[in-house]
Ligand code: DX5
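First, one chain by itself in structure tokens, the form predicted alone.
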Amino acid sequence: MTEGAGGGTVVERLRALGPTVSVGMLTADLGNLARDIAVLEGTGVGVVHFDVMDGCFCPMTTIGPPVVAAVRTSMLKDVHLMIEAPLRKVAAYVQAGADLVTVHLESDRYVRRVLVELGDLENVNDPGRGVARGVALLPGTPVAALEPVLDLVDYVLVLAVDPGWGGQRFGPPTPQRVGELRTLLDEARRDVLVGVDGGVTRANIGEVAATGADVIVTGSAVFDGVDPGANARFMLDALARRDVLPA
């Protein structure tokens, strides 16, 4: 179980942190995960991101509920499910301590049912915190495709790269897509958190921040083998300024 830190629902805590980074753990040293988690906790980072890939929805295979459960932290656990048929699997990740669970719009014909089920699950870290419900969009999926599920989501994650392939650059259409999403949310009168994920680096964090995203997912830019703590603080500072920084 994740240790408690602060009050309020998950959505309220994310709003209080925002704009913020959600730091991906796949590029951390998994053999020294407790050490790397402790480093992040000392920087002001409030969210840790778990990329779950099944080798079917996207080509890479990564982690499952045991790894999510093994991480003991005061940070919110942000679980991004890049898996097929998440309806049968989301409960296991909530039981493992997920605070925010994001499923792909493209992953299941019954995405609304997945979101309804998530809304009925209890947060094992703190029942009063709730479980935030997220939906992610691949770069090739029109933003308008979200309209049928907007009434059930707390968070929309816009991917700037196709998941499962390393070394991709931040997709140039992404800022425009975030703008389209904001327009869609305004028209639907939905106050939903917006995230961006993929290709985020120290060199472009200012550009990504300028999209106005509430949460920006970054991994290798923090865990580059040099100084994860300094890198995390750099990212947070860039978001606080929301300006274009030099490399």
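All of these numbers come straight from a predicted model, not from anything done at the bench. The first residue of the shown sequence is 1; numbering continues from there.
The discussion below concerns the form predicted together with ligand DX5, not included here.
Trainee: Is the gap between K77 and ligand DX5 in the model of the complex 4.5 Å or less for some heavy atom pair?
Mentor: It does not: once ligand DX5 is placed as it appears in the model of the complex, K77 has no heavy atom within 4.5 Å of it.
Trainee: Is G206 close enough to touch ligand DX5 in the model of the complex, meaning at least one heavy atom pair within 4.5 Å?
Mentor: It does not: once ligand DX5 is placed as it appears in the model of the complex, G206 has no heavy atom within 4.5 Å of it.
Trainee: Even though the partner isn't displayed, in the model of the complex is V215 close enough to ligand DX5, meaning a heavy atom within 4.5 Å?
Mentor: So V215 does not count as contacting ligand DX5.
Trainee: Examine L26 and determine whether its closest non-hydrogen atom to ligand DX5 in the model of the complex is within 4.5 angstroms.
Mentor: L26: contacts ligand DX5 in the model of the complex.
Trainee: Ok, V135, A96, V90, M82: which has a heavy atom sitting within 4.5 Å of ligand DX5 in the model of the complex?
Mentor: Exactly one residue meets the criterion: M82.
Trainee: Find the only residue in M53, V194, L184, I37 having a heavy atom within 4.5 Å of ligand DX5 in the model of the complex.
Mentor: None of the others qualify; the residue that does is M53.
Trainee: The chain here is shown without ligand DX5. Which stretch in 161-169, 110-118, 124-132, 146-154 comes within 4.5 angstroms of it in the model of the complex, by heavy atom distance?
Mentor: The contacting stretch is 161-169.
Trainee: Quick one: which residues from 192-226 get a non-hydrogen atom within 4.5 Å of ligand DX5 in the model of the complex?
Mentor: Those in contact are D197, G198, G199, V200, V217, T218, G219, S220.
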